[in-house]
Ligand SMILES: NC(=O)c1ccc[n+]([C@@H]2O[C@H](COP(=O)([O-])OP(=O)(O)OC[C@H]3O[C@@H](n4cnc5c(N)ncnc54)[C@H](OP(=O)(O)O)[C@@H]3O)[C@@H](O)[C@H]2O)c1
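Shown here is one chain on its own, the form predicted alone, set out as structure tokens.
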Amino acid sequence: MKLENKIAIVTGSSKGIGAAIAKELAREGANLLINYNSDRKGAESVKNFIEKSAKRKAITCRADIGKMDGVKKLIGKAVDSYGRIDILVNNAGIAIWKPFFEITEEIWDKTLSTNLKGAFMASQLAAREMVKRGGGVIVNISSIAANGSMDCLVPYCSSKGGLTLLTKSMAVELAPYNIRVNAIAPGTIDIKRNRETDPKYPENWHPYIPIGRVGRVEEIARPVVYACSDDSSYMTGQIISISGGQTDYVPMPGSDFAK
């Protein structure tokens, strides 16, 4: 197994892409800390899968990644439980759909705190632990929105753009400590949150994707395993787009997704 006995934290891993990443890391031998903020049931479901199906260890931790107290709780529990941190996947993120003139300070702050500040704080504390033990890997889950634009998602696009430069900057500064930092940038992925926003999400999006369909969560999780393993030992500071060939967002006439 590529990640046998590695200790991995995946933020926002009670559902969607985060849950798929946690499960895939476990299949490759890692022991996990499952993070959630509100979906305890989902976190327990992921934990049960890892323990029963993947035969690895898993613990859960409720923590708001957008706040330093939450990040300290998360990193502290990982160190107390496992003794070290080998892998951090900054997956936790939110997207609040609002037209530009309806974006409030609260929406802006909540989005940037979770998507960008949280990734920075978690990386800083985790990297300090990694330095003590000779290195580690950080993977940020970004988005193709980091390089494009989308109606009604100004804070989200801004946060993911910031995550791109955070990834590259950390890669340079942490390289001397044997810590690699990369990002995976998903395109349009079929997850519950997207279907709740737009019930016809797959149908509305597939015309704009060269490969002709939206992505599946496991198609994001497998590249994360690669980025966390020694298979990518010479890769750092990279943003890997997993998008079916889609390079930018486009408007979707007639969709109710932004209402």
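When you see a residue number, it is the position in the sequence shown, counting from 1. In this text the structure is predicted, and so the values were computed from the model without any measurement.
There is another form of the same protein, the form predicted in complex with the ligand; it is not shown, and what comes next is about it.
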All of Val89, Asn182 and Val225 with a heavy atom within 4.5 Å of the ligand in the predicted complex: no
Pick from Ile94, Val131, Ile107, Ala171: which residue has any heavy atom within 4.5 angstroms of the ligand in the predicted complex? Ile94
In the predicted complex, which of the listed residues (Ile189, Leu125, Ile85, Leu116) lies with a heavy atom within 4.5 Å of the ligand? Ile189
Within 4.5 Å of the ligand in the predicted complex by heavy atoms, the stretch out of 142 to 150, 77 to 85, 171 to 179, 98 to 106 is 142 to 150
Is Gly16 close enough to touch the ligand in the predicted complex, meaning at least one heavy atom pair within 4.5 Å? yes
Is Ala54 one of the residues lying within 4.5 Å of the ligand in the predicted complex, judged by heavy atom distances? no
Within 4.5 Å, heavy atoms only: does Ala63 come near the ligand in the predicted complex? yes
Answer with yes or no whether Ser233 is in contact with the ligand in the predicted complex, where contact means some heavy atom within 4.5 Å. no
Suppose contact means any heavy atom within 4.5 Å; which members of 152 to 169 contact the ligand in the predicted complex? Tyr156, Lys160
